[in-house]
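This document contains two forms of one protein chain, each encoded as structure tokens and listed individually as structure 1 and structure 2.
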Structure 1
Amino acid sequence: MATSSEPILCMTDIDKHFPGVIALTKARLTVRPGEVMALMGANGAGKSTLMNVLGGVISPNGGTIELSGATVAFQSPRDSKAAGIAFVHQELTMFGTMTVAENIFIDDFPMASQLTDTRRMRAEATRLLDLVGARIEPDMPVEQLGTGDRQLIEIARALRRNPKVIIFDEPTSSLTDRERHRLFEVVRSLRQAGAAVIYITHFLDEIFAVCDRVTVMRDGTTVSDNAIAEVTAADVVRLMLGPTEEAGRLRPPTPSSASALVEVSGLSRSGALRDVALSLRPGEIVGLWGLLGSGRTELIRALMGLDPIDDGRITWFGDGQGRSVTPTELCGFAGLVTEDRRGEGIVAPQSITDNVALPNLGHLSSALGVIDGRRAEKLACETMNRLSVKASGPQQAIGTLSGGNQQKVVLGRWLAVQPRLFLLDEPTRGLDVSAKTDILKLVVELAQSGCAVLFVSSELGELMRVADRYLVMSRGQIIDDLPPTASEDDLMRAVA
């Protein structure tokens, strides 16, 4: 079916403000029947907020939504669903012990005489499963099915009410290549049937495989809307990231001539990492670059034993002779800064002293295991003074500090432990320019003291201020190792 010239959905000048945060500013999105529209943007670009407005999860502060030519305002997800908006979510919401048919109709069972009409439910489930090309028996328990089949059930459930607009939110994040291509065929069949599809993904190759147009958001605003034939993958990356901040390097590139401190080979985890190999040397900062969803955080978590691995070898040379170690053992030599500062980095209600003490309990405890409060507070004061943490004192709750000061404490608490290796996952996320520079200077100091640093950042300009070389990730693999002379375009081309 040819794409209609008249849009079925127009979101115009959508604004959304949260306390202290401007999430959307004049955002817009237009989709036509028989069209697959890719919605792209880096983390924090506003995609999820815009879709939450469309889904009735949150109310906008301004702007209009037109559906089939009529202005609409959704007060709840039920309103959105009733108007013909359907979501296929990244996280599959399946009840494993229930049947396929029951999962498809979980929120609205067909009834007959106050009982579930199982015959009609099975027949309608079979029709919907045929529609998405799923060869699944409607009476089969979902727990017996793989991820790909469960994804098709999720799509069948979304199609039950003949929606006008279908949103696919990262639908292939946990699918195999075969399942991914089967999903593409379903999306193409929906387009052929005249459906309007919004396709959200971080995998660039997918939008060129299945989408007709691409809308790119950045910093809460829509920055482009183009036919897919009018742009290249590199164009989309540039639009997503915007101009790189022109800021000077904090130190010249300093490639290390030392032997490796740690080597990783064949590191794999089903659905997340594939045959990852890397080496880190004392005194160098290695930038780990890739689009969101490339596997950067998964690699950091696997190295620290936070997520299991299926295969791979980690060799530690910190004691002069290489020996194989487990991720749990590597954790004993490394300092970690996670990307989720408030969720995983700090204990918000506790004091600065308590948070600084966390990785230092062995040094601060007596032979009986009792923490020495005076020594803990002294360590907190030393950390605050060294890193210029702005607070009323070491007993102030860390959750009341600014984001930059919280992150200084998170990094600073490792200094007494003196790990040889630092794994930093988006350590400057959500910080202002001044706080970012302070954190970057601390990262440089760590490298100058002889530590090896693996530094993940979504901001190219930030990496290029400190990194000595760049590892590029895509789909759970390291696909390139670029020298310090690599340009912004080199890194963008690598992921494109």
Structure 2
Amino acid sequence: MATSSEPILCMTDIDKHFPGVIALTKARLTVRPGEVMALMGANGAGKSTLMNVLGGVISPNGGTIELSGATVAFQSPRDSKAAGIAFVHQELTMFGTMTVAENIFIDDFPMASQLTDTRRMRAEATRLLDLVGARIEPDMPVEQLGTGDRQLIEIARALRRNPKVIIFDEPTSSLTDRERHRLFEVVRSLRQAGAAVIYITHFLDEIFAVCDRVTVMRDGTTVSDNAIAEVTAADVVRLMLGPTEEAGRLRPPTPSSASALVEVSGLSRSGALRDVALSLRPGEIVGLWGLLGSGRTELIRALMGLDPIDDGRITWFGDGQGRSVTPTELCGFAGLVTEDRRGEGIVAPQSITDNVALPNLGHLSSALGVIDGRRAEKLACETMNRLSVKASGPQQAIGTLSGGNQQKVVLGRWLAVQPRLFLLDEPTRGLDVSAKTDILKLVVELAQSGCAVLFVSSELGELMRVADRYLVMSRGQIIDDLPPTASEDDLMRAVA
């Protein structure tokens, strides 16, 4: 139902450089009134930066923004709001102890004789809540409402200035199915009312459900703008991921014939994982493949006991016969690399020695429980030599190393523990090409030494260099198990 009217918003050749990083180069986005535009892109493609430019949060280094035909330059979020652009943020900005009506009007209260006009607020809030299909009392404190209702209040707040352009940033990531469909209804009615909607999501089915056009971004620039009828889901995935780098496999596929090391069945976590079953065998590298938001990270976290699970059974065969274990127990058998290296992987201000010692404190301690500093340092030196970590010495603070060397230490510290299972969540994120290869080589070495490895990466090309088979995830479920011979095309089709 894309209309052929003039664009209401035209962002042309937007450039944005941060120190050391080029976030946007010649990014474009055109939206017409009465149109829902999907904005897609992998992590780091520049969607958020582009929307922050539009929202007045950051100012671009180059390019023009035209709103209703006039060139605009936003100095602050306030400017952008005043110009008729509304932003529904991914993280809810609700104030729990305050009422629904107050939350809607928090940044601009209607006043009557020096006080907030509660009567007008209530009436206006009722109208807006009606508009978004929420059945909530405006006088209710928000803390007594669920996530779905809060999301709708957030939208009601965005609508109260009758915006011309509304940005939805992953609005469904925390909604149930029913709430999702209610949200789609809201988006459709906004379109009906002639607003332009920019809809950011990681879920492909949603764009086909509510969007009229789709703009795809990759590496900080806009790569396509199509009517939704012109493309298939597989096309969109291909556009998002781009051509995969042609880099050879690090080892030929070696499907393991050994019996399983760990078996998982029925693993569920409300809102994140549904009935996940998988088994990992010694010596194999299993690529866990799926788009962002498919539940990859959630699966790793649930397996490690970092998030609670609602249901499921984990059987560990590491000591001969299988026995049922809890995620926390499984964590004790496994080496873990999380996707957030700075936040969860390293203790930045501490030395390499201290960081290497962390999972090894048990056997580095003397009988009295005092850590043997000399042994810890020796272990750090061994690790550094084995993985050729570039540092001035084991006492250098790990935070001052390059990303690749940090990650080597993160992986290396597990080697002394000799776990039989490795769970690696985006271990190469943010590394340069050679550092990536080093890490991948290390992963292959681990598998060769008989470990089972579950490897998550959002870069397909990288996954294809090491994986012995692929588990495909979508919406918290494992939907496919593909052999190592699967082509890039097969894998992209599987998630689309």
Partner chain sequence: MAVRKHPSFRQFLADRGFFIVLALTFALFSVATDNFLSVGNVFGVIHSMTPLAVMSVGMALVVMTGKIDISVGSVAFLSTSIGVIAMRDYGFGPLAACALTLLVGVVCGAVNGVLVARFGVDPLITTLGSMIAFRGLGLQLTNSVMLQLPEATRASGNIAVGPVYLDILFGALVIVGFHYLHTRRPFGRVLTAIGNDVVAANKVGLPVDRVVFQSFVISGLMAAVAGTMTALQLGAVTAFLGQGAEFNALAVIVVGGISLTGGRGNLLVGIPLGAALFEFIRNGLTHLGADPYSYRLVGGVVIFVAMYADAIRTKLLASRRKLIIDG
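Sequence positions of structure 1, starting at 1, serve as the residue numbers. Note that the rigid core is defined as the largest set of C-alphas that superpose within 1.5 Å between two forms. From a predicted model like this one, the values you see are computed outputs, not experimental measurements.
Structure 2 is taken from the form predicted in complex with the partner chain, while structure 1 is not. Once both forms are overlaid on the rigid core, the distance between the two CA positions of Ala277 between the two structures is under 2 angstroms. In the core-superposed comparison between the two structures, the C-alpha atom of Ala123 has shifted by less than 2 angstroms. Relative to the superposed core, Met98 shifts its CA atom by 2 Å or more between the two structures.
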